[in-house]
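Consider the single chain below, provided in structure tokens and representing the form predicted on its own.
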């Protein structure tokens, strides 16, 4: 393998790529599934692709507003073990209150069966860790991984996904049989505890809902320390004909953490996918969703909120490909930015030739609480069919001075008035979450963030 002999626009030296190549050579025999010929070859192609491209830079359109030079300055060591002092008693605040969730707990990217709820998730449903699945049913994992896309076909913009493929240590494998409708949501709780050397975690989740099945999945990423670490996560979601998946994600990494996550979604005829992402942790975080409509009549609702303060950089990037007729996309993301923080939204909806009767709408709104706060917003439509109904909108602004004056004139203190207006801007998006315990979790996080406006 060779490494790039140039320095790209993000200032990444060839030594950075070489360091990851060296660690891959040293750690590959310890990675889950080592010795499986197909997996060894798959990882090899992935690390070669990463070495060829390196870290994506702002020269790439997909990364125009997010500079990874700070991330690339440090080599994050893969953590070989999840052993630490975390116990079941430490999980109370992170579980869904009022819900009987099937819980898988990962510490530093590795499954901790002793902290997980290993009870039966429901008839027709299997939930296991990726490393265990590679031992018990490697053929099924191979089909899912290769079906999700060979890393050798990746582009430079997805080079971090190639690094994940090379180093993926664990994650969840969720399969729901045709027409199965489990009552219990599956909750994937990723805890990071890295106080010393910079640590790198590369979880990969595989979620598959069979024809007519229904499933609810919650992904939570929580930092238990403020030390530097990097979560580089990839989740593949497949919904077969008529399947319905609700997918909620909470990103609350530690203050010094980097969080880069890609969710790839394949939707077949009449499938439905609902996503809600709340992002408020880390020094730099990017949540990317890519959805492909592989059948007619697909319905996809993408929602999310970003809460940024200090010097945080929170990026939401989406791409929806309408490849077949009669697809529906309902996309709304809102951001609140305080201090010197920055939020980014870049969303693209592409309607392919022949994808007639498409109905797609995209909205991004941002509220700036400081004159030093920044928000970049770039919604896009790319339409190659003529019988469609598509639109998009974007706003960036501060709190309405007249509305604030109106509330102050009626006896509210300034902080109360500001909080009320912020709540009015964002609260409805949270209140629209259908699942009560998930809605309560999002509401609690939002309330806690608002409480910090006084510093």
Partner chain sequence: MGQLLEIKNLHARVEGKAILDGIELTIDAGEVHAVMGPNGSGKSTLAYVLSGREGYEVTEGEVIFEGKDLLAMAPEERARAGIFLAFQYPIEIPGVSTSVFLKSAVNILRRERGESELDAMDFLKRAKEKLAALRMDQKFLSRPVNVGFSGGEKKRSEIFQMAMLEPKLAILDETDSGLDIDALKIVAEGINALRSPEKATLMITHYQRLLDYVVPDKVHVLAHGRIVKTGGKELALELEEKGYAAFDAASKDAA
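Positions refer to the first chain, counted from 1. This one's a predicted model, so the numbers in the text were calculated from it and none came from an experiment.
What comes next is about the form predicted together with the partner chain, which is not displayed.
Proximity to the partner chain in the predicted bound form, defined as a heavy atom within 4.5 Å, singles out one entry of 26, 412, 399, 34, which is 412.
Although the partner is absent from this view, residue 40 stays clear of the partner chain in the predicted bound form, with no non-hydrogen atom inside 4.5 angstroms.
Although the partner is absent here, residue 389 is not a contact residue: none of its heavy atoms lies within 4.5 angstroms of the partner chain in the predicted bound form. Contact check for residue 68: no non-hydrogen atom falls within 4.5 Å of the partner chain in the predicted bound form. The closest non-hydrogen atom of residue 416 lies within 4.5 Å of the partner chain in the predicted bound form.
The stretch among 51 to 59, 403 to 411, 26 to 34, 389 to 397 whose residues place heavy atoms within 4.5 Å of the partner chain in the predicted bound form is 403 to 411. Residues from 418 to 445 that approach the partner chain in the predicted bound form with a non-hydrogen atom closer than or equal to 4.5 Å are 420, 421, 424, in the order they occur in the chain.
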